[in-house]
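Heads up, the chain below is alone and in the form predicted on its own; it's given as structure tokens.
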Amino acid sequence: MAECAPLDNVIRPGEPNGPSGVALIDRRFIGQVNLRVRGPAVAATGAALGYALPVEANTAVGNGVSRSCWLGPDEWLIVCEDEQRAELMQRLAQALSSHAHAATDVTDARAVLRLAGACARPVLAKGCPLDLHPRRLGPGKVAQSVLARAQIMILPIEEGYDLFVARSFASYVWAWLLDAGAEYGIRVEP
């Protein structure tokens, strides 16, 4: 991500619009499946997903259709487009039918907000205690933390971050991000 100064995006007198360093996007149509498996079931899950579950702490892998985020030694959050969710649940049920497992649709439990653009990291850093540098938390990683006292899961993407937040805190986090991004010329995108 490119570095940016807080005043780079200030609209100056006589300018109709200034450049925006960060965008905030409500990603309403993201399916989320919480998966709990152990032992041989971890390998069996790979057949349903088309890739192996990440087994290293705080990592995420995917194949363009879905992405699996490591949440704990036997827990993953599988993220996909909402229209893929039913098929994903069906494939998991078939692949894991002979294994102890729990695959739970948790789509309605969390909102997903995307913070994107060159200034996404400094905006997020205002309220998140993690080291957000791409060497520590870049693509292929995932982290659970807080943002302005709200529990979140951070999934870095190429152009910023997808933030998973409990629906009851979504409007609070949205408003907080708008305020935190104001000095960077934050814009809301559909």
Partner chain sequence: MLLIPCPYCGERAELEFRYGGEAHFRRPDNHLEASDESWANYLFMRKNPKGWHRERWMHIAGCKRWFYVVRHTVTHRIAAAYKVGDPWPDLPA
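Positions refer to the first chain, counted from 1. All values reported here derive from a predicted model rather than from experimental measurement.
Not on display, but discussed next: the form predicted together with its partner chain.
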Can you say which of 156-164, 129-137, 43-51, 60-68 gets within 4.5 Å of its partner chain in the predicted complex, counting heavy atoms only? 129-137
Any chance Glu87 has a heavy atom within 4.5 Å of its partner chain in the predicted complex? no
Taking heavy atoms and a 4.5 Å cut-off, does Arg36 contact its partner chain in the predicted complex? yes
Which residues in 146-173 have a heavy atom within 4.5 Å of its partner chain in the predicted complex? Val146, Gln151
